[in-house]
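One chain is shown next in C-alpha cells, namely the form predicted on its own.
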C-alpha cells in the first residue's frame, strides 16, 4: 500500500512543542535547556507549565550545551533546543566533549534545518548538521519525515539510552507517513513497494518521491523513509537494493556526510552490482527564497530533477 500525502500542511515544530509538553506531565524528569528560541520551537506552554524545568540560557550556545550535559549527568532527560544553524553548528565541540564523550542523556533538537527556512533565508539554513552529528561516536541521529512522525519519535527518544540529535524544519509540510506505523530506533519504513528502483530519503523532501511515482506509470519505485540515520537500517535498504539493483538517495542536506554517504559503504561491502546516485546539495551554501520548493528545484532536488535521475539511472 502506498502512503498518502495529506492536502493540509502540518508543523513539525508545533508537533514537537505540544508532544513534549504532554510527555513532561507524565515524566517529571524531562528538562528543557533553551537558547532564547522558545517561541520558535513552540515551547511557550512548556515554559509556563514547568517553570523549574525550563532553563533559558540566552544566546550562548556553548554554555547551553554544558548546562544540558550537567543536568543529564545528574539524572535528568534533557532537551537542548535551538536552530540547527546554531546548535550543533556553533557548540559542536562542547557537544562532543561534554555530551557524547560522557554519554550524557541529552536530546539535541536542531530546528530550521535544510533549505526550508522561508523568509529567514540562507543565514538560518543548516545543510551540514547531519554530517556534524554523524561524525561523533555514541550519538543517534534522526530526521523525521513529517509532523506525524515527530510525535512518535519523542517518546522513543525519552526511553533511549544514548544522546540523540533530532532534526526539524521550519516550514509546514504535508504528512505522508502511515498513521498506524510505529517508530523504532534503527528502523526504516517502506512507504511504497516496487521492483525497478529504490529511493531512500529522510525529511519532508521525501514526498517528492511519492509525487514522482504518480507521473512515472511504467516504472515501479520502492520508496523508503529512513528517519533513523544513525543507527541505519542496513537490512531494509540492502534487501530493497538486492531486488531493484538501482538506488537514489534524496535529502535536503549537503552531499558530504549525509544519508547518501552513510549508505554508499553498504554497497561497497556487499557486492550487489547496483547503480547509485546521490541527490543532495552539491558542496554549496544555500540561498534565500520565500518558496523552498524553488530552492529544491535550483539545487536539483525537485520533482523534475528526480524524474531525470531515475530515467538516467535506469538506462
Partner chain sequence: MPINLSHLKNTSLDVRADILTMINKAGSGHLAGPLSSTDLLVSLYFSNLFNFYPTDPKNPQRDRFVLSAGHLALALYSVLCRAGFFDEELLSGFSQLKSLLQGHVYHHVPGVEYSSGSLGQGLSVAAGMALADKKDRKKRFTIALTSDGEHNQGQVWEAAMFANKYSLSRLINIVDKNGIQIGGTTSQIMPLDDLASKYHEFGWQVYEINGHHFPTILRTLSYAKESKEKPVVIIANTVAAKGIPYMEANYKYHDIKDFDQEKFKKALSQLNKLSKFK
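Positions refer to the first chain, counted from 1. Just so it is clear, the structure is predicted and the values come from calculations on it, not from any experiment.
Heads up, the form predicted in complex with the partner chain isn't pictured, but that's what we're talking about next.
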Please pick out the stretch from 101-109, 215-223, 153-161, 235-243 that is in contact with the partner chain in the predicted bound form, where contact means heavy atoms within 4.5 Å. 101-109
Give me the residue from 272, 66, 289, 47 that has a heavy atom within 4.5 Å of the partner chain in the predicted bound form. 66
Just one of 37, 255, 276, 55 has a heavy atom within 4.5 Å of the partner chain in the predicted bound form. Which one? 55
Mark residue 184 yes when one of its heavy atoms lies within 4.5 Å of a heavy atom of the partner chain in the predicted bound form, and no otherwise. no
Contact of residue 74 with the partner chain in the predicted bound form (heavy atom, 4.5 Å): yes
Contact test in the predicted bound form: residue 93 vs the partner chain, heavy atoms, 4.5 Å: yes
Taking any heavy atom pair closer than or equal to 4.5 Å as contact, tell me whether residue 97 reaches the partner chain in the predicted bound form. yes
